[in-house]
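Quick heads-up: it's one chain on its own, the form predicted alone, in structure tokens.
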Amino acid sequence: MIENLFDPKLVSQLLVSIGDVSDVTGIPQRKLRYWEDKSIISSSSTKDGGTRKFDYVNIKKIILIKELLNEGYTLDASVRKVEERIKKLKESFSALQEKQI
């Protein structure tokens, strides 16, 4: 069943350390920090040492950007395409929510 594949509550609580994101995606921590400095992605820092934590949306952005880079897109072009996709998704989900109200 598809509803068992996606748990919105779990996803909203998911916070992953920069080291784990780097391990899973294969993108070096240094590059993730660079992307964060350029405001491509964002993280939250914990009070106990400032460890960067990334949420589901930012992890998804990282994965999509990496895929586009692997296809030959530049970083700027990859970011634009990912932002367009996220915007379309948000608009679609907002329209669906309005229909259900």
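Bear in mind the structure is a predicted one, so any value in this text is a computation, not a measurement. Each residue number is its position in the shown sequence, starting from 1.
Omitted here: the form predicted together with the DNA. The next part is about that form.
R33 belongs to the set of residues with a heavy atom inside 4.5 Å of the DNA in the predicted complex.
Within this chain, R52 lines the site of the DNA in the predicted complex, having a heavy atom no more than 4.5 Å away. Contact check for Q29: a non-hydrogen atom falls within 4.5 Å of the DNA in the predicted complex. The DNA in the predicted complex is not approached by L14, whose heavy atoms all lie more than 4.5 angstroms from it.
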